[in-house]
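Okay, here we've got a single chain as structure tokens, the form predicted alone, with questions on binding and movement later.
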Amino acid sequence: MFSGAQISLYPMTDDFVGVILGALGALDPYRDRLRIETDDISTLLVGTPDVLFAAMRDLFVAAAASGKHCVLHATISRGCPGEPDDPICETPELTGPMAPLAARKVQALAAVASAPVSGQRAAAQFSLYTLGIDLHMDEIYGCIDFLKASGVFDTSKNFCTKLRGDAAAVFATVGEALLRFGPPAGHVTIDLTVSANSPTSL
């Protein structure tokens, strides 16, 4: 199994370099469990979904603590058939047969309920793609049911779902969407945008 995310962080301030560099220390606790590669467009994080989302959460919260409008965009994938297996990505939940959808929704809700509180409000929108399977809409509708019960559901939009709440719960919810929906060994992707401190937030 391979799981990872290409992430880009955009602080809306003249001091964007200072905000980004100041936030990078939030990745330090995860560096021994992630493979990290950076270029001039994005940073690749490779690791288990729980570590990926915790690292993205902490990086985003650290940047948003500047008080500036910050946006994180991520393209997230697990099980891509074009990527080699990587031991750093081994995840017990992504082995064995696919559990019943109802059981997976219960597990996802329990995980979100146990998420820490960051103290940083955030809004997000994301799209889930369960690739290469029949009845993929069953998985997507199951995920939507989970989202509506997650405590951070805001609204359904064209092509995506909007979330709003504490950043830790928002990232935990998206992480559970990646982990719990679609076959354990299947290819699942997410397109995610998270925003904090927006001057146009409602």
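The first residue of the sequence shown is number 1, and the count goes up from there. Predicted, not measured: the structure shown is a model, and the values here were computed from it.
Here the subject shifts to the form predicted in complex with a further copy of the same chain, a form of this protein not shown in this document.
Chemist: For the interface check, one of 33 to 41, 166 to 174, 56 to 64, 143 to 151 should have non-hydrogen atoms within 4.5 Å of a further copy of the same chain in the predicted complex; which one?
Modeler: Heavy atoms within 4.5 Å of a further copy of the same chain in the predicted complex occur in 33 to 41.
Chemist: Counting only non-hydrogen atoms and a 4.5 Å threshold, tell me whether Val19, Thr95 and Pro183 all contact a further copy of the same chain in the predicted complex.
Modeler: No, the candidate spot makes no contact with a further copy of the same chain.
Chemist: Considering only heavy atoms, tell me if Gln107 and a further copy of the same chain come within 4.5 Å of each other in the predicted complex.
Modeler: Because no heavy atom of Gln107 falls inside 4.5 Å of a further copy of the same chain in the predicted complex, the answer is no.
Chemist: Flag Met12 as yes or no: does it have a non-hydrogen atom within 4.5 angstroms of any non-hydrogen atom of a further copy of the same chain in the predicted complex?
Modeler: Looking in the predicted complex, residue contacts with a further copy of the same chain include Met12, since a heavy atom lies within 4.5 Å.
Chemist: May I ask you to state whether Asp134 is within 4.5 Å of a further copy of the same chain in the predicted complex, using heavy atom distances?
Modeler: Yes - in the predicted complex, heavy atoms of Asp134 and a further copy of the same chain come within 4.5 Å of each other.
Chemist: May I ask you to state whether Ile88 is within 4.5 Å of a further copy of the same chain in the predicted complex, using heavy atom distances?
Modeler: Looking in the predicted complex, residue contacts with a further copy of the same chain do not include Ile88, since no heavy atom lies within 4.5 Å.
Chemist: Within 149 to 188, which residues have a heavy atom closer than or equal to 4.5 Å from a further copy of the same chain in the predicted complex?
Modeler: Residues within 4.5 Å: Lys157, Asn158, Phe159, Cys160, Lys162, Arg164, His187.
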